[in-house]
Structures are given as C-alpha cells and as structure tokens.
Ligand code: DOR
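Okay, here we've got a single chain as structure tokens, the form predicted alone, with questions on binding and movement later.
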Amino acid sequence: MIAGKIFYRGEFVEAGIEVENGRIKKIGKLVEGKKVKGVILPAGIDVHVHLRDFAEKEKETIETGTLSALHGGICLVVDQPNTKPLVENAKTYFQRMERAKKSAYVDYSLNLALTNSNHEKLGEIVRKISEEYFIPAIGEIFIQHESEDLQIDYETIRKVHEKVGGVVFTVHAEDPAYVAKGSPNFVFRRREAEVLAVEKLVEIGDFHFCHISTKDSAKRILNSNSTFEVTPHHMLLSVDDYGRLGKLVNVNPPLREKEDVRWLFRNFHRVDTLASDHAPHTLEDKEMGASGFPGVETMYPLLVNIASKGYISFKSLVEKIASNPARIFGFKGYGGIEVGNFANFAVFDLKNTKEIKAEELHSKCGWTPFEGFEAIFPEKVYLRGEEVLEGEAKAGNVLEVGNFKNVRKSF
C-alpha cells in the first residue's frame, strides 16, 4: 500500500507496509507499495486539546480543531472537558461525542471533568459513560481556576483518587496561593505555584501532570511514579518573547525564564509525552488578557524540523508524540508503526521546510505564537490506511468502548 523510509522500532528502514481493514498487516522490505517521498512516521496523538465548541464556537469547533490536527499530522486528539457547559455528567459527555461523530476529521476522545458538583458521584458517572465510550482520563483537574466549581482542593483529589480506580487522572498543577490575575501573567509568582502543587500531589498518588513548565517540578515528577507532558511553547518560547507577542503572551502556566526553557529542551528525552495544550482564543479575547495558545497544527511540524536538524532524536520524538501517549492512556491500536496497529501515518519531506504563517493554518482563531518559525508540515496523512489530507474527508472516529475491550479493568 505504501513504501519508503519508515520509522520502525527506533530507526529508519526502507520497507513497505501492507494494510488490511484499516490495520497494518505486514511490514517488510519485500512488501510492495506506492513509494512516497520523505519519511514515514506514525501519525501523532495529542492528549491535550481544548476544542471549545458548544457556547464558545467562535473560538474553535471540533470540526475546525480536528481539521487543524489533521494538517499537523495528528491522528487522535484528547479533548478537555472545561467547555461551556462543562463535561461533568453523562448527558453532556454523550452530547459532545455525538457532535464529534458528525464533524471530526481525526479520531476523537474526551476526558471527563472533576468538579465540586460531581465528585461524590464520579464513579457512577464513569460507569455509565464507560458502557459506551472509552474515557482516556479524569481531568485536566484544576488546583487553581477562575471557576469555583472547577477549582478542586487537594483533599477532594485525594478522596476521589482513592475511590475511583482504573482510570488516569490528569492535573493542571498550580497552587492558588501563588496565582494572581493580570497581564502579562508571567510576572506573578506562578513558578512557585507549579512547584508547590506538584510537591503536594506526588505525595497523594500517581497522576499525569499537564503542561509542566519548570525544571524543579519536572525533576520531582521524574523521581515519582507519575508521568508528565511538555508543550512546544514551554520548550521553545520564554518571557523574552513578550516583546514580540505583546498581548498574545498569556498562557497557563505562563511562559518561563530561559533557564527552565533550556532545561526542558535539553531533557526532552526524559519527558513522557509531548502535548500542544491547544487553547484557542479570538484576538479580541487575547486583547482582554485571555490565557491560551493554539498549537495542535504546529506541534508535530515544529518538532520534526528540530529533529531533522539533529537537536532531538526522531526516536525521542516518536516516543513522546505517539508511543508513550498510547501506552499511558491505553489507546490500543495506536502508538507506532507495528503489525496489528491502525495504519495511521504522516509523511514528512525533510527538505521541505516552511515558515509558519497563521493565514495558512486551519484553526478558527486565526493566529499563532509561532509566526515565522520554521516547520516541516506533513505532505500526506493516512488514517486507517486511507489518504485523508488531500480530500479532507471526515475520516475520524469517536473512541467507543468496544474499540478498547480489556484495556482497563471495570469501574
């Protein structure tokens, strides 16, 4: 079906891939297929996106957000539940999944929120949803949030974590004692907010920490049984970008000093997952100080360009954007180019470097913090063996529980 320079089991090999019923049937040098120009990498998984929609569809929709993901070489997204309304019960969860069935360009999954309204009956809600859909995680759980319903205290997290088993908990770790409002938001003591929250949480239990941005909190997690993700903007941007970004600069957690940025980049091989934290806002929202960057379309292309120059290895990149997300969150059939997995590939021509331009991206928000950065965008994307980039046919699937039998124990 497809042949060329394939990233297979940690290295590039010249081989072909045979596909049957959307899955990889055979990989080998004698397997014939259509020769493609460039390198064939597993399509990525972005475990942290905010696709808005519902009452915030002027910022992004499942349709525009997953179209952006497709053009960024992503085959599966994990949407976060802090929408309006919140995804905190089975009814809203089912409504959102029905919307995704009609509009998603890539495979779609959805986390369930932990709120002050639902934490006492969370197990019951999880059981009901799990009869039909696969829940990747509870979260991202907010230690600090402007909404009182979403700001969860440590003791509540401890109780729920002990009570509800068999599911991953993802946490936005910032202690409210050190968070103040304002713009630019990096001038406040937000670094201490992350470090303190991580210190407290690793004593409670094992979590997946969202968008870690400081070396101290990363080191603490590395000495625990928890996992963590890092975003491109926390590895590539710093407070020094304020002059360029101006009122676009706010993001949660904030941009950091170069010391943290350099440590995260140099230690990319120790990170568990790469995630975009795609959080689009309109330019009008950003003028008013809203926090969040779009990034689902630029994440993989930025890092492929960096890997092509030798600053990180392709082995590390594939681990962080495909293999580890599949393993940590239980996405059976995803994660790498292996026999039995879904035939999800992204083809990159490493000689075709382009400057990122917001006007050429597909997010509804219409801007990017990486304007002018070099990137290598995929030439072709295959989902379940079908080339989908050119025609942009809606080939996405929502992750129903039937796809993931025996992945996790029952709730």
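The first residue of the shown sequence is 1; numbering continues from there. These numbers come from a predicted model, not from an experiment.
The following text describes the form predicted together with the named molecule, which does not appear among the structures shown.
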Identify, from the list 172, 208, 320, 71, the residue with a heavy atom within 4.5 Å of the named molecule in the predicted bound form. 172
In the predicted bound form, the residue from 142, 334, 228, 105 with a non-hydrogen atom within 4.5 Å of the named molecule is 142
Within 4.5 Å of the named molecule in the predicted bound form: all of 52, 252 and 291, by heavy atom? yes
With a 4.5 Å heavy atom cut-off to the named molecule in the predicted bound form, the contacting stretch among 276 to 284, 175 to 183, 295 to 303, 308 to 316 is 276 to 284
Although the named molecule is absent from this view, report whether residue 82 comes within 4.5 Å of it in the predicted bound form, heavy atoms only. yes
For the stretch 312 to 326, which residues lie within 4.5 Å of the named molecule in the predicted bound form by non-hydrogen atom distance? none
